[in-house]
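The chain that follows stands alone, in the form predicted on its own, written as structure tokens.
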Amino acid sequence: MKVIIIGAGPAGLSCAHELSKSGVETELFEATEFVGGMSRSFDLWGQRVDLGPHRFFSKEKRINHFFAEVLEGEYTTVNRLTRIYYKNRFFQYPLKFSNVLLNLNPFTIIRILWDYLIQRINPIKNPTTFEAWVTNRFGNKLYEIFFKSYSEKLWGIPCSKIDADWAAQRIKTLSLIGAVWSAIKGNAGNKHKTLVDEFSYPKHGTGLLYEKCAQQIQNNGGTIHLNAPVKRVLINESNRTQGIELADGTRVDADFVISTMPLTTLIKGIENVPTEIKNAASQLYFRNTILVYLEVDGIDLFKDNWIYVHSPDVKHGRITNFRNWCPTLYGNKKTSILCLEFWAFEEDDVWSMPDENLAKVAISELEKLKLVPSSMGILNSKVIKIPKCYPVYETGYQKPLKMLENYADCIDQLIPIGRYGSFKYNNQDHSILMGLLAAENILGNNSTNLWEINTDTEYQEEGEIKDILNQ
């Protein structure tokens, strides 16, 4: 049996690792020169950084076993501190009662409680949008402060057009009463999956996990091809996968194809796809990311690992300070590397903006937030643009997505997985699990419906998958 895997991100590599370890002939094709996908790490100005913040925290036994097995002890525990920045103030996350009292005036607090009460009395029945879902759960004022601005920066569409699925996946067990009660208790015994205080982290960046995984795949006899973009998956007359065609025209046969390429690209590349399926694929789209790295001439900036920037007066939505992760990232360097995240579509002006102009925007916004002392200069800047990072959950996306899922399911031996491949807003934990379970399905040890991972379903709520923790 031979298996071809498209993409060397968390899902593709974890699948290849398990298959090659079991003696399956495994061949992996990656379009870029790197492994790790969005979770890769790289050297920059004498330090080590990731593509934005990526932490590892899970109670799923399969995932933790994979993490420990691959890293072989080369990881540490990082104390987490993340805050929300809104209107020149920092809000602790998880919520702390004293911090809320200091940051919000009494009138705002009364308005939050009033809006929440009104919403409890007159709830929205079956909310279908992110705006309606969050307002229904927290009240309008809290929605405006902590959800609206950041979400619209990330997705590039109004919250009234974002599907409620995103809220259901990411914050489904949070409530205002629960948050206030947690704050009053000082968060003692808090077990909500997004509110963890520490996380595991590879000593030389998240990408170390995938670099070591790639090496172990090769040690197991697997093959990894870099700079090898796949044009399309080949399907025979019996509607069975028979291999792939590379961008250079080379064809490679296989018994199974695991695809982590964007689901829309996968479907559009298959020959003789029905018009209605192509039209469905055209209704789904992704959001791009722009990362602006700045080297700051100093080490005592702010203490957070990363900050969520909810302030509507700046364009970026998150800032990572890699100085606050682990010492092996920066060694003896006496500078700090910050990463500011912007999001865009291809048609947005910011996406085509020259790197030097993007750096100027980032520096200007950093100064506006006053997170870096004016005495500390900016020594270097670097811009990385990553297309198709986030599958956009626009209202009504489920119908075309379901059409693509059903179509892919009708093709024997084709298995789409991962954030791109399944059009799911996965964390690396979810993607790793998808890869591991896909391997188990092929090996005959399981029959998991992989589309159900990271969805708000009974399968996730009551099965082992429920213990996957958000990043």
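Everything numeric in this text was worked out from a predicted model, so none of it was measured. Numbering starts at 1 and follows the sequence shown.
If you look for the form predicted together with a small molecule, you will not find it shown, but the lines that follow are about it.
Heavy atoms of F29 reach within 4.5 Å of the small molecule in the model of the complex, making it an interface residue. Although the partner is absent here, E341 lies within 4.5 Å of the small molecule in the model of the complex, judged by heavy atoms. Although the partner is absent here, V3 sits far enough away that none of its heavy atoms falls within 4.5 Å of the small molecule in the model of the complex. The closest non-hydrogen atom of I386 lies within 4.5 Å of the small molecule in the model of the complex. Looking at 442-450, 65-73, 52-60, 398-406, the stretch with residues near the small molecule in the model of the complex, meaning non-hydrogen atoms within 4.5 angstroms, turns out to be 52-60. Using a 4.5 Å cut-off to the small molecule in the model of the complex, each of A11, P229 and M261 places a heavy atom inside that distance.
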